[in-house]
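Okay, so here's just one chain, in structure tokens, the form predicted alone.
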């Protein structure tokens, strides 16, 4: 089972009020109080979207889920419903007024990025996020294709990082390679529909191939990637 969805951040917040939504769990309520006001809407929206996916996947009502919210930690979802529910893995992401959520019965990672005017030279960003081999291939691209290529690899690596066991994946993305591949070999799938780029990581290539990204139309371009650790960066 593998589900992923994206949505805009709604105003007012889910629950119809600018105050703290009552359906947030204890951990989420504590985190809410620690967030700057402008970060609360995406926080609540991502967790509302996740609960919708959990309900669709299990039949357990959205309000019957408790989701952890420790700073710096991946979210963990636990059903408070009396019915037994198999362990599920979840992932969240938000960027510039958009949120993404993923649910699976195996480790999963999701990332969403939104196109915006570049704030630095593409070659500087490439030097910080591409492996040496990737940088050589990227330099051969037409200049007008380079920003999209960086976003595609960034989202793929971020999703892969989130799906990896804690402490198992390097923070330095120059030590991670993302290369396009056939769906049967993929551990990451991406969708792009301007201005959004979404990546989903799961070790089940078959589930990835069958997944659809709810919230993106059928016109979204999709591609398959194999992401893995490489030797230390130069």
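What you are looking at is a predicted structure, and each value in this text was computed from that prediction instead of being measured. Positions refer to the first chain, counted from 1.
Not pictured, yet referred to below: the form predicted in complex with a small molecule.
At 4.5 angstroms, heavy atoms only, are 43, 72 and 128 all close to the small molecule in the predicted bound form?
Every residue of the candidate spot has a heavy atom within 4.5 Å of the small molecule in the predicted bound form.
Closest heavy atom of residue 161 to the small molecule in the predicted bound form, within 4.5 Å or not?
Residue 161: contacts the small molecule in the predicted bound form.
Flag residue 154 as yes or no: does it have a non-hydrogen atom within 4.5 angstroms of any non-hydrogen atom of the small molecule in the predicted bound form?
Heavy-atom contact with the small molecule at 4.5 Å: present for residue 154.
Is residue 47 a contact residue for the small molecule in the predicted bound form, using a 4.5 Å heavy atom cut-off?
Yes, residue 47 is a contact residue.
Within a 4.5 Å heavy atom cut-off, is residue 150 in contact with the small molecule in the predicted bound form?
No, residue 150 stays farther than 4.5 Å from the small molecule in the predicted bound form.
Stretch in contact in the predicted bound form with the small molecule, which is absent here, among 171-179, 185-193, 203-211, 52-60 (heavy atoms within 4.5 Å):
So the stretch in question is 171-179.
Looking at 95, 135, 89, 146 here, can you tell me which has any non-hydrogen atom within 4.5 angstroms of the small molecule in the predicted bound form?
Spelling it out, the residue with a heavy atom inside the cut-off is 95.
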